[in-house]
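This document starts with one chain, in the form predicted on its own, laid out as structure tokens.
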């Protein structure tokens, strides 16, 4: 891309790949300088708020509550140009980006903030047969799948024996834990209200099973032991069956096979098992497929190129990579913009300093855990639940979104789960129920080994 003749000769061009937390905050701050031109590239024309994807999947929030048009968000910055393109490769030395549409964008500065995608860890069948929860499209597809399974089982109760009401969530980190708690709450709400509201009144919802599977030793492994115990206890009380020290060995069209030999019939496997950086060719990557960066967020050996958020391995005070959190992305985006402005002014850049505000996770209605601040002051229960609502509402991009989210949360809190959900993806009803029709192993008993099942 070349500068137009109308632009001042000293105008600098910043190309930003990715319109998530990191890229958007970088664009906003660097565009405050009218002598800087910004081109923001993303395959979507909206920013998506990843921490709330599970609430879209469970119909607690709608897509419009967590997705924000990039052009509208940046309307006060006329020197930012948003391009709807898919970036496929990057030449770091020339700071040039190549897109699937055949266009090229070259800048004086290049910011890589392309975000992350699901990491299936080469699990057989996971790519083909699971529902990852790392994009708005993922969340909407999963919502339709859940409703499709309820509708199918309501029309034909025999499908329950074929796994229609078995829901397996892979990964007991914040995403999987929050999804488990929210979904268990929704099911419980429907059980309690169906006699009054006639929602699925003929469907035996007590036969619905939610499984949370993780190879690790604890739910919410990044949290304290106390928080882990609270989360485990809360999920168990809400009917979630937790399977720790257990890997998913294989995902089939109608089943999941676990490392202990258990085979669960299911048509809905939710993948919350981990992230890796989005794939872009031409980049040397490190841990998690992410880009290693210097203290000032620049890519080593390549002046003027930065990597941010989930796309980068950013070291904390202890020298270990910071977690893939919205707060890390937001702060790194602002800091990158600060360093670009310093470089334009001919001043030295500054090492990134992350302000650790803590971590939190919602376990369900009136239940959450929070470890606040760098020293991790622990809060749980209703107080943590209220804090979670406040923090996540504050992170939403627009004032309207904050108001609408609070209204939806209030409806959920006082009125329970909604029963007016529209099944807008009829393809999720298309299931070959003749697959995996053998009787599901009783997971409450000692599981058979794969060899025992074959010999039987």
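A quick note: this is a predicted structure, and the numbers were derived from the prediction, not measured. Positions refer to the first chain, counted from 1.
From this point on, the text means the form predicted together with a small molecule, which you will not see here.
Q: Select, from the options 367-375, 293-301, 249-257, 114-122, the stretch whose residues sit within 4.5 angstroms of the small molecule in the predicted bound form by heavy atom distance.
A: So the stretch in question is 114-122.
Q: Is residue 17 part of the interface with the small molecule in the predicted bound form - any heavy atom within 4.5 Å?
A: Residue 17 belongs to the contact set for the small molecule.
Q: Does any heavy atom of residue 310 come within 4.5 Å of a heavy atom of the small molecule in the predicted bound form?
A: Result yes; residue 310 sits at the interface with the small molecule in the predicted bound form.
Q: In the predicted bound form, does residue 56 come within 4.5 Å of the small molecule, counting heavy atoms only?
A: Residue 56 lies outside the contact set for the small molecule.
Q: Does the small molecule get within 4.5 angstroms of any non-hydrogen atom of residue 31 in the predicted bound form?
A: Residue 31: no contact with the small molecule in the predicted bound form.
Q: Tell me, which of 235, 136, 182, 280 has a heavy atom within 4.5 angstroms of the small molecule in the predicted bound form?
A: The option sitting close enough to the partner is 280.
Q: Of the residues 146, 325, 205, 210, which one places a heavy atom within 4.5 Å of the small molecule in the predicted bound form?
A: Contact residue from the list: 325.
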